[in-house]
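The data below hold one chain only, encoded as structure tokens and taken in the form predicted alone.
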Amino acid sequence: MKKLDIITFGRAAVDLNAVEYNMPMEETMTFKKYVGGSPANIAIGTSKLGLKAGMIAKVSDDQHGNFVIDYMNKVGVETSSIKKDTEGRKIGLTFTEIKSPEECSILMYRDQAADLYLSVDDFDEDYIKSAETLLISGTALSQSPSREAALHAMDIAKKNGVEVIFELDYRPYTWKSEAETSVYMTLAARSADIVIGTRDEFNVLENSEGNSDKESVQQLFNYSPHLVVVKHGVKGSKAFTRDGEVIEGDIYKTQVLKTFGAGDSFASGFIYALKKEKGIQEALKYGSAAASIVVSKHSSSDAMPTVEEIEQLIHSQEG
């Protein structure tokens, strides 16, 4: 028995979500603060679902860093490998704009962000060995020394039989070029056991918009992955297995407030269901239902649903 079900690796940030809806950010005067960052959200989401989650991250040594660690502790995430930056770097800030349910945007402040300075010295092999699964976020690969740390963590996991999930999590703000993005995201994807991303993110990984889902996954199946999930937003998702199975996931109707946060909640629900051996079809349902719940609420991290909320939504639309 491993101490942890999952460790997530990478970005922990602060989200400042617009409290005033239906207006551009230029006119928005009030924001509400939450923990943010895809791998942080997934650690929180899986923990709220009952998994034993930990995180490897670096945050600022100030009130914002304290806020993130305190919140993670409160929801049950193991935080011993969330380090504080000692060089005065600040945590990434994400401001969100909610013009309408269909028109939302995010504005990231990530220059010299603390999470990109996570290094190989900030975690040890024993911590990764203590988990069944390591989830790497694509953003962690966008700059050094975080890039080398992420690849090192994947290497430790592979050597010790720890499952590796690569969540593409493409954010253009910190990458230098499309070619560089493709190189490092491809390197990580080929080394992972499971790869999860949107169709647009797979296009970034391939530095091409011409491939179909089938072509994308077949390329990865020449390497380590045995399961690839391609998300198509309101059109649902598809999971592809190495033995040729294609499983389609439905969507669950909800009153949409915003568009951001869906990917992190999808990953949380999907991973939870896989861990509980519910099968890929059910995992797609749990992921989709979790995503629907989060886009109907104001936050991403705080809105991560419970198992009961997910199952209630599934049953209400399938019963």
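Predicted model, so just to flag it, every value in this text is computed and none were measured. Sequential numbering from 1, following the sequence displayed.
Missing here is the form predicted in complex with a small molecule; even so, the following discussion is about that form.
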- request: Sort through 210-218, 102-110, 128-136, 153-161 and report the only stretch with a non-hydrogen atom within 4.5 Å of the small molecule in the predicted bound form.
  value: 102-110
query: Does at least one non-hydrogen atom of residue 268 fall within 4.5 angstroms of the small molecule in the predicted bound form?
result: no
message: Under a 4.5 Å heavy atom criterion, is residue 171 part of the interface with the small molecule in the predicted bound form?
response: yes
message: I'd like to know if residue 259 sits close to the small molecule in the predicted bound form, meaning any non-hydrogen atom pair within 4.5 angstroms.
response: yes
message: I'd like to know if residue 94 sits close to the small molecule in the predicted bound form, meaning any non-hydrogen atom pair within 4.5 angstroms.
response: yes
